[in-house]
Every structure is written in C-alpha cells, then in structure tokens.
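The data below hold one chain only, encoded as structure tokens and taken in the form predicted alone.
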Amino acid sequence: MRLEPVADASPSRLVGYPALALAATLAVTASLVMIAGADPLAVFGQVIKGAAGSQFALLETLTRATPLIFTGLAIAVAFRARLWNIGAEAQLYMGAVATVLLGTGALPLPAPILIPILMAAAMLAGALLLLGPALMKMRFGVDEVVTTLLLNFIVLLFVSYLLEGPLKDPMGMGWPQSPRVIAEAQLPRLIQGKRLHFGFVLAIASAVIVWFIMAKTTLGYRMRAVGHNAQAARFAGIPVNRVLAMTALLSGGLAALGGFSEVAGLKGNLTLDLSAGYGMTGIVVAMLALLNPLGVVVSAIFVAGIFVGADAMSRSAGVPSYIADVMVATALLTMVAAIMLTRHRIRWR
C-alpha cells in the first residue's frame, strides 16, 4: 500500500471524507453508550437538548465556545504555516496574567481606553511567549512541538507561584486566586443576567479578521506558501524566517485573547483552573475546521455543545460525562485521517 498525492481534490472528496469522519465518531460513541447500558438515540437527544434546548443552554454553549474560538484560531494560523504550536494553553494563561497585572487598578482609566490596552497587553504577552520557540526553531532547528508543549507546564507552575505569592488576593480567604479586575476592565454581558459576554463578539470579529488576513493579504499568501513548501517559498524570494516570526506573534496573541476574555468577561480574576484544557481542545477545533478561520467558529460551537450537552446528559441519563472527551478525541483522530485521504489516494500493489 502506498499514498499518492491528489493534484486537485474534487468537491465530493473534500466533503465526503470529513462527513465519514463524523459518522465514524458517532458510531464509536454510540457503541460506548450501548456498553454503558443506555440508548444511543436518547443520549444524543439529551446532548442536543443540553447544548441548545433552551436559551440558557444555548448561551452556555456560546460562552464555552468563546475561548475555544481564540485557541482554535491560534492553532489554525500556526499550523497553516507549519509552525506546530502545542502551547496555546500557556499563551492563554499569559494573556490572563497580563490582564490581571494591569486590570486590577494599576491603570485607573475609563473602560473605552482600559479594555483595548488590556487586550494589547494580553496579546503581547502571548505573542512573545510563542516567539521564543519560533526563534529557537529558526536559529537552532529546535523542534517547536517540544518547546511549546513544555512551556505549558512551565507557565502553569509560574501561575501557581504568582497565585500563592505576588498576585494572591489578600481578601481571598486563603484561596490561590488573584484580586478581581476593576469594573472598568470588565467586558459587558451581552444579555443581562446571563454569562455570555462581549468576548464572544470579539472572538467572531477575530475570526473574520484572521480569515481576511489569510485569504486576502500578502502575509496570508506567504504563510500558506511557507506551509506548503518552505524551501520552494525561500527560493521564490519569500522571507521564510520573517513569515514564521509574524505567524508566531499572531498565533500567540490570538491564544492570549482567550485568557483575556475569560478573566475580563467571565471569571473576573485569575485562578489555576481558569482553562478547562482550552489550549489542547483548540487543536481539535482547528483540525475539525480544516484550519479555516471561519470554520473554527462553527467547530468551536460544535465542540462546546458536546461538552455542555454531555454535562446535562450525564445528570439525566446516568452516562458518564467523560463520553464527551471520547467523542472529541475520536473526532480528532478520524478527521486527521479524513484530511489525509482528501489530499492522497491509496494505491494497492
């Protein structure tokens, strides 16, 4: 057996294999549900109802999708240029740290001025964090998968130190948490009394901007060219190292916006459990969207709906909520296989 590249994939190939991947995911999940002693159709119905069966459920799904959009965009941008950013979790936390450092009273400014400053500071923190591994890759050939992955643990330990030391809230009853950001640093809620905040609008706007950059600008063309073949891009006169550096800055900044939105829009302060694995789940979101920035929005809402719906399903059907993790992981594996098959055909000897 060997794989042959497909010069021009047909629309049926581009749509059919991802559809088969989702069908395979549902089949695997249904099998596990039956092993657990439940009816798959009833369980899937409970998941859909828990994710979008009411205004509260739908708003919770969109709230959960907000950081996933940011991390999914970060991964999509980096992977498009073949910069394998596995450290979106670390960049998200660095964005949250920058938001807390400047948003708890250090800058007594009105909200229209303070919030853009906090966004810029968060993006700068995440961008610089990813720029280091990118420079190490360009200068010394260090594998960025290893460096970005290890940075996740380093940053989490750093955040733990801050929450037990310099950033610990003296009014927090001993809990490892930072002081709350001031009112001027908080993003407004889209619906009064609900958790959905203006960060969701920022996430949608970011997806549109990233799509425009990738599809309509010289930088986006260069990023795609470097991703397809860096040596050919260099031969054609494209400054590959500069493109990778700009890709790292954009990717790290997008992931850090997820941390900003969680602190300024939802939680109000920094805790060690700020992220429920949004950085790693962002990889799934980006791959399900086939690295398309606009597709990331749909993919993030889909993945968020699985998690929110699984929580509700677990309470009503008695099936463990971990079925959502299995479903998302299976979707990632099958989608990777689908992407491979859209670009290659199998030849048997």
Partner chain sequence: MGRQGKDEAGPVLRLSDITKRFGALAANEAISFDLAEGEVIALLGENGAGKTTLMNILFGHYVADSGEVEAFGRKLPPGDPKAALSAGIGMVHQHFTLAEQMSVLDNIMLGTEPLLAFRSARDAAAEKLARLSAESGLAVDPAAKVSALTVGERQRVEILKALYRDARILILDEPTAVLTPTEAQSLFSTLRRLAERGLSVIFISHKLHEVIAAASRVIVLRGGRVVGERRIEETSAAELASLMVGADVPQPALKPAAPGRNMLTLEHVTAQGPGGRIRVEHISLSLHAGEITGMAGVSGNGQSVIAGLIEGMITPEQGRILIDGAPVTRWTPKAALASGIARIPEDRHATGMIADMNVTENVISERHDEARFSRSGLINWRAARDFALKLISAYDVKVPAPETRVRLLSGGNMQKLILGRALDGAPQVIIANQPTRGLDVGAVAYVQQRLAEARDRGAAILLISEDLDEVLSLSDRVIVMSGGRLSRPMARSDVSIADVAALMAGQGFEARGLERNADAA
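Positions refer to the first chain, counted from 1. This structure is a prediction, so every number in the text was calculated from the model and none was measured.
If you look for the form predicted together with the partner chain, you will not find it shown, but the lines that follow are about it.
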> Since the chain is shown here on its own, which stretch among 249-257, 207-215, 270-278, 166-174 would lie within 4.5 Å of the partner chain in the model of the complex, judged by heavy atoms?
Replying inline: 207-215
>> Within 4.5 Å, heavy atoms only, which of R180, K137, R222, H197 is in contact with the partner chain in the model of the complex?
In response: R222
>> Quick check on this chain: which one of L190, I115, L102, I238 has a heavy atom within 4.5 Å of the partner chain in the model of the complex?
In response: I238
>> Given that the partner chain is not shown alongside this chain, does S160 nevertheless sit within 4.5 Å of it in the model of the complex, heavy atom to heavy atom?
In response: no
>> in the model of the complex, does V145 come within 4.5 Å of the partner chain, counting heavy atoms only?
In response: no
> Are any of the heavy atoms in A232 no more than 4.5 Å from a heavy atom of the partner chain in the model of the complex?
Replying inline: yes
